[in-house]
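So this first bit is one chain, no partners, the form predicted alone, shown in structure tokens.
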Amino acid sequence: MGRKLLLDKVGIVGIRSYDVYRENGGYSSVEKVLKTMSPDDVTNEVKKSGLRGRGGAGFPTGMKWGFLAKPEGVPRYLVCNADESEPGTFKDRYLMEHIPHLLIEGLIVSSYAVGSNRTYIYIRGEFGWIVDILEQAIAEAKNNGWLGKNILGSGFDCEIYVHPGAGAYICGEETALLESLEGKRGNPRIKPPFPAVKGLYGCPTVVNNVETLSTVVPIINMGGDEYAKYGTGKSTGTKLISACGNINKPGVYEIEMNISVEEFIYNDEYCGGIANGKRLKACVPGGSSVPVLPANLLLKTAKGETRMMTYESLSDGGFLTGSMLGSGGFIVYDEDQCIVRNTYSFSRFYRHESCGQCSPCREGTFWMEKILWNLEHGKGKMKDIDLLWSVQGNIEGNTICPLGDAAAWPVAAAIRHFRDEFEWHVTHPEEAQRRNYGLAGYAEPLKAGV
């Protein structure tokens, strides 16, 4: 089993408290940077580490920090995206709940690097109990001199504030998050300008997610070059994976990004194989917004190479034969799962969560849900499959934010890889109706125009 850098101390009794966290090396990275490093030194270590954003996009973190504008007399902000709302993803919640001081430590170091004296944690509103945990951790850190004015006599000031949202998926998009943080409706902004130039309150802003900011701690403690030795290629270090679905051991796993997908699914150290002795049918490897892969393309690439748990390997072949590591929401389907039903469930979610700002997303997600409802309930026609393909194609790439793409990609991949299942729902309407027991409580979607 690979080395753990984020969850190595989770099993220590009382690690949620400041005293135990400190006794086990906590806040040593803050001491190191404030006493021996400049902000640019910290950014350079993050660049050397090869750390990529762990929220889904996988953009190089150090490079993102380097884009931050630095106008004179204008404050800069760091915002932690803790609005973990991607279906199938729950690793940030786990980290905040079990070792909150790791995030606080990462926030202090990152704030120093980007020059933020006021840092915000924007957290999903449903995580009420975690808000209390974070507030306590922040209070403990401040009481022990790690937050406030002139930290460790360095001249650096930093305050951290927790801001609960209202539970909107769209606020996971960084500009919608900033709109909500400013007290407005969480609609995505048109870019440019990007947050690095004009973000929170019109000031330069960096937005990173919980896992990304927490990972800064081991990078500083061990050095960027040492961190880069873990993993493989451009997928350096470790990654938290939220594993769920038809597996024997669902949970949060920290993997070194040098293992195969097959090892992750079948090794007892991780998922422990498919539940109830069933066969693997498919998997959504990076949260509900990434393309589903059938078993043959999940374990091997189209070139016949072993599929690895890395950014590059999972995306090999593009969306024709690949997918994305995304947020690490690893959803496994066994042989009994209905792809049409699962695709309908995702589409229903995205239709509900669309902010409605863009016509392709607002109208398109409605029609995808409607068509999939008909197919799942034995009311579909063969031409509906082509219509569904057309609708998703008119959404992708035509919206202000990536929610439209997130809604379209799962539908496109499901039709591409499992068209026979869609056709079966048309040719076997009575059996499709009998099989929709899991949707018995779902009302038919609204009629168009209502």
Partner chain sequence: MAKVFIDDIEYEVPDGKNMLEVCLSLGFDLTYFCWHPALHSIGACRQCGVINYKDENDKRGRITMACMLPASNGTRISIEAKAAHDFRAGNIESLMLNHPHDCPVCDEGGECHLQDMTLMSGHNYRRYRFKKRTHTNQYLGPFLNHEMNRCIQCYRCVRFYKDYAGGKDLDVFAAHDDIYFGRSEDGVLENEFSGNLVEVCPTGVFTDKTLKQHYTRKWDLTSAPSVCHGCSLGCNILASQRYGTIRRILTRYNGDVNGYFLCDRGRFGYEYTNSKKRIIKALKRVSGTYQPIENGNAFEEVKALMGEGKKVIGIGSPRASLESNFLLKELVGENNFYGGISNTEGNLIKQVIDILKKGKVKTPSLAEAKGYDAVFIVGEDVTNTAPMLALSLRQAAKNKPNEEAFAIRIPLWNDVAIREIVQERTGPFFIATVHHTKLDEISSGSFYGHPDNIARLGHAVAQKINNNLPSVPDADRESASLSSSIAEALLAAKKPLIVSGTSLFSKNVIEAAANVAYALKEQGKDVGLIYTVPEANSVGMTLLSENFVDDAIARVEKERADVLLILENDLYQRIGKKDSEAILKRCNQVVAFENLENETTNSCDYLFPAGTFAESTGTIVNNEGRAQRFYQVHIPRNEVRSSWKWLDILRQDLQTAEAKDFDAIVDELIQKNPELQKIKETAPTADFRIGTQKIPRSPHRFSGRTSMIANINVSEPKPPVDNDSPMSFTMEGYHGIQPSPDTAFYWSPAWNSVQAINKYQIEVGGPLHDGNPGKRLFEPDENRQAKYFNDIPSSFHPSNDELLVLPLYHIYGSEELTALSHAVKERIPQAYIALNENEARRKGLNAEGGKVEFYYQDKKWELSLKIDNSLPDGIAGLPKGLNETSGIGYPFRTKINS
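Positions refer to the first chain, counted from 1. Small disclaimer: the values here were computed from a predicted structure and weren't measured.
Beyond what is shown, the protein has a form predicted in complex with the partner chain; the following relates to that form.
Q) Looking at 226, 126, 182, 135, which has any heavy atom no more than 4.5 Å from the partner chain in the predicted bound form? A) For this set of options, the contacting one is 182.
Q.
Quick check on this chain: which one of 316, 363, 262, 334 has a heavy atom within 4.5 Å of the partner chain in the predicted bound form?
A. Flagged contact: 363.
Q. Applying a 4.5 Å heavy atom distance criterion, does residue 357 contact the partner chain in the predicted bound form?
A. Although the partner chain is absent here, residue 357 would touch it in the predicted bound form, with heavy atoms inside 4.5 Å.
Q) Does residue 57 make contact with the partner chain in the predicted bound form, using a 4.5 Å heavy atom cut-off? A) The answer is no: residue 57 has no heavy atom within 4.5 Å of the partner chain.
Q.
Does any part of residue 371 reach within 4.5 Å of the partner chain in the predicted bound form? Heavy atoms only, please.
A. Answer yes; at least one heavy atom of residue 371 falls within 4.5 Å of the partner chain in the predicted bound form.
Q | Partner proximity in the predicted bound form: residue 190 to the partner chain, non-hydrogen atom cutoff 4.5 Å | A | Although the partner chain is absent here, residue 190 would touch it in the predicted bound form, with heavy atoms inside 4.5 Å.
Q) in the predicted bound form, do 211, 221 and 239 all put a heavy atom within 4.5 Å of the partner chain? A) The answer is no; none of 211, 221 and 239 reaches the partner chain.
Q.
Using a 4.5 Å heavy atom cut-off, which of 242-250, 144-152, 266-274, 193-201 contacts the partner chain in the predicted bound form?
A. Checking each option against the 4.5 Å cut-off leaves 193-201.
Q) Going by the partner chain in the predicted bound form, which residues of 380-408 come within 4.5 Å of it through any heavy atom? A) If the 4.5 Å heavy-atom criterion is applied to the partner chain in the predicted bound form, 380-408 yields 380, 381, 384, 387, 390, 394, 397, 398, 399, 400.
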